[in-house]
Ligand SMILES: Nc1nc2c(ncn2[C@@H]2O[C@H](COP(=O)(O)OP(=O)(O)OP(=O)(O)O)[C@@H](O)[C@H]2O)c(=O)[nH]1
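Take a look at this one chain, the form predicted on its own, written out in structure tokens.
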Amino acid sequence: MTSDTSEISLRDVTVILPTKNEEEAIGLVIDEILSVGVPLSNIIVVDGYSTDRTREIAQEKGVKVILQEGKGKAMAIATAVKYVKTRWVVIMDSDYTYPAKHIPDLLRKAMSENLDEVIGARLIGRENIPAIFRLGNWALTKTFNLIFGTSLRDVLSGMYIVKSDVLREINFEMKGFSVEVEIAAHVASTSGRISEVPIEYRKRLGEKKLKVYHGVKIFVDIIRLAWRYNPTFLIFAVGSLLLIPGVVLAGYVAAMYLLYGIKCWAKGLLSAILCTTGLNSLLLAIFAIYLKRAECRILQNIRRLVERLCA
């Protein structure tokens, strides 16, 4: 999905490229970004202390190269955003998996629909994502959608555009590869103005850094973000888990009575309490999700009203 760039200005876009030992790909990635019309001065390579020639290659291309503060991808973005002077920021991995030709698509979607974030959903070339990672991405995206009331297809994509003002609001508490869900959670919970465009995904150049255990950490961080942005839902969601022992205990009580004629009054009462509490918690968790969605719609309307008054 590529588009003519005549109606938009890529001069208002800064591209942030977090790197660590990406000497095989970084030169090609920079060349591609320049080819779509992003100015040389609007490309920032933020390096995590590479031990290969990544920084040297980037410097030879003439882009700004800075060393990140701290460790991990989240801190790389937090470091780079201090140098951003444009309205829009595109963040993309530096391993050649994300084609720069989609940058205009991201910008056009964001501008035409007045969005705060547009994610490049990896819907083309998914065979280049290992099966275990496709499964993990599906499960994590579904979990994110359930908690934050979104309908995304690829919340973990490493290519997306964000308003620079919104990016500066991020606390960057979720370290490493969880930065994508932290940014998306913030946008979904504060304005709700988040969407996607389909993009192509290619085979990476160089060694893959994402491991299976990173998926577990991202799941934990999604739960942490739920506590930050929608604690009511999380509390009632945990309470709804009481349904599980309640149903199991109820089954045991029923089996003892039907098979042996034994009446387990105490266990029956306990199962009723557990099931009732769990069911009520489940209903309240669902209600909390809809309340959060209503809150986002109200915030959107307030922002639109403010924008019209300021126009």
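In case it trips you up, residue 1 is the first one in the sequence shown, and so on. These numbers come from a predicted model, not from an experiment.
The form predicted in complex with this ligand is left out here; the points below concern that form.
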If the criterion is a non-hydrogen atom within 4.5 angstroms, does every one of 186, 193 and 297 touch this ligand in the predicted bound form? no
Candidate from 219, 177, 229, 172 lying within 4.5 Å of this ligand in the predicted bound form - any heavy atom: 177
Partner-free chain; cross-checking this ligand in the predicted bound form, the single residue of 182, 154, 117, 95 with a heavy atom within 4.5 Å is 95
Report whether the minimum heavy atom distance between residue 168 and this ligand in the predicted bound form is within 4.5 Å. no
Could you confirm whether residue 73 comes within 4.5 Å of this ligand in the predicted bound form, counting heavy atoms only? yes
Does at least one non-hydrogen atom of residue 126 fall within 4.5 angstroms of this ligand in the predicted bound form? no
Would you classify residue 201 as touching this ligand in the predicted bound form, given a 4.5 Å non-hydrogen atom cut-off? yes
Hey, of 261-269, 56-64, 239-247, 39-47, which bit sits against this ligand in the predicted bound form at 4.5 Å between non-hydrogen atoms? 39-47
If you look in the predicted bound form, which residues in 10-48 sit within 4.5 Å of this ligand (heavy atoms)? 18, 19, 20, 22, 46, 47, 48
